[in-house]
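Heads up, the chain below is alone and in the form predicted on its own; it's given as structure tokens.
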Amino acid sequence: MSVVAERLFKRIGKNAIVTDVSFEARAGELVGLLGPSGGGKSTVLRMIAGLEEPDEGEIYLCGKRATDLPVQERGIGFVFQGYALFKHQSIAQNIAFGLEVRKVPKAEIDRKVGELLALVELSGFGARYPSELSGGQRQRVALARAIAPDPRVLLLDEPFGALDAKVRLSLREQLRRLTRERNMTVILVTHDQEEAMDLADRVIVLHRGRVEQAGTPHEIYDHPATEFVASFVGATNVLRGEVRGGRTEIGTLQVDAPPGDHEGRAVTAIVRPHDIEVSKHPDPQPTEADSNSNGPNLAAAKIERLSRVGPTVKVRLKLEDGQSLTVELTKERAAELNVVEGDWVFVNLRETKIFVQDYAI
């Protein structure tokens, strides 16, 4: 079932929590609502579920207006970050709750509860209580309870936020498998960019109650529409510069200027750590990777810190103009360079995203 949010607005007093939010989750699609805390993601989700009423705008489920439809008539499952399990009921009773409300025959309830326990890899746990389970197990019970009544849409509000990294990865795999097997439409709220990029078919980036960009994970990462999206999604370096003589100057670095007449304008350059090349000696010959089409894009920088993170070496650099850069190198490349803290090297910005500011230098 498709979900359409059309020009949703929500205010609390004079504060706009959600402003003109529109998007569609197509049938069988997993859409991630991604953004920082306080960006309006959970409010949008609660309006779709019917737990909050929009001040303006419409919600459509399967092409039919559902803005005023009661929660119980929307055919939606909801999983909260805090599990929201009934502490006084067993795991089996928790999963059976929605089926009992719908007056499903007991034999069918027992069959389905057993099936769901097996599906979330908790067979034999039905008689236990939530307090006897780990956080990851409780979240799996919450997921099983949400999908027990076969909802047409599943809404997930930061479902893995309180769990450790290893458990989160395991549950993400289970969520992907469960929703694909059942061809469910899923809307996932998260501030975890890796989670959104890993799980979602499409990502809606929300910031301060507005949609900054919507697209596939690759579009969001490789072609950010705004400075916020570029800096929020993925590890980045943020550099300041200006447009002079048809070029973007970032300290002693030069890269291509953005299209249009922006002479004298301040710019922000977003550079990902893996898009920076480090060498011990300047190479006067430009390469195809150089983002400066008129020559190599090189600047001297001092190594302030080296740190090994798994197969990657992070290098903290300071440019001559005082701006900082973090570079990611393979351990093999770091060994080849054979540098230590305090050494001077040369950097080449292979790819930059340039955003023009609304003021002049």
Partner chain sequence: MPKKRGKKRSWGRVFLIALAAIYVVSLVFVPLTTLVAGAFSNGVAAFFRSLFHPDALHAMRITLWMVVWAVFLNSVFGTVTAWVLVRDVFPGKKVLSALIDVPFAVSPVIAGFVLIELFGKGGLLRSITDALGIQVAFAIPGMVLATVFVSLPFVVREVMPVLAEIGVEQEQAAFTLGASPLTAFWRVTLPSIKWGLTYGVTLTAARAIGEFGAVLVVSGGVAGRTETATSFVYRALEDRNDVGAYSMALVLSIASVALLLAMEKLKHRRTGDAYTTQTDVSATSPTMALGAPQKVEP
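Keep in mind that what you see is a predicted model, and the values were worked out from it rather than measured. Numbering follows the first chain given and starts at 1.
Only in words, not in the display: the form predicted in complex with the partner chain, which the text now covers.
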Next item on the list: Assess the spot marked by 51, 86 and 138: is the partner chain within 4.5 Å of a heavy atom from every one of these residues in the predicted bound form?
Entry: yes
Check: If we take heavy atoms and a 4.5 Å cut-off, which stretch out of 274-282, 191-199, 125-133, 205-213 is in contact with the partner chain in the predicted bound form?
Finding: 125-133
Notebook entry, point to check: Quick one: is residue 100 in contact with the partner chain in the predicted bound form, heavy atoms, 4.5 Å cut-off?
Noted result: yes
Check: With the cut-off set at 4.5 Å between non-hydrogen atoms, does residue 72 touch the partner chain in the predicted bound form?
Finding: yes
Next item on the list: Give a yes or no for residue 316: in the predicted bound form, does one of its heavy atoms lie within 4.5 Å of a heavy atom belonging to the partner chain?
Entry: no
Next item on the list: Give a yes or no for residue 149: in the predicted bound form, does one of its heavy atoms lie within 4.5 Å of a heavy atom belonging to the partner chain?
Entry: yes
Checklist line | Interface residue in the predicted bound form among 253, 257, 184, 76, criterion: non-hydrogen atom within 4.5 angstroms of the partner chain | finding: 76
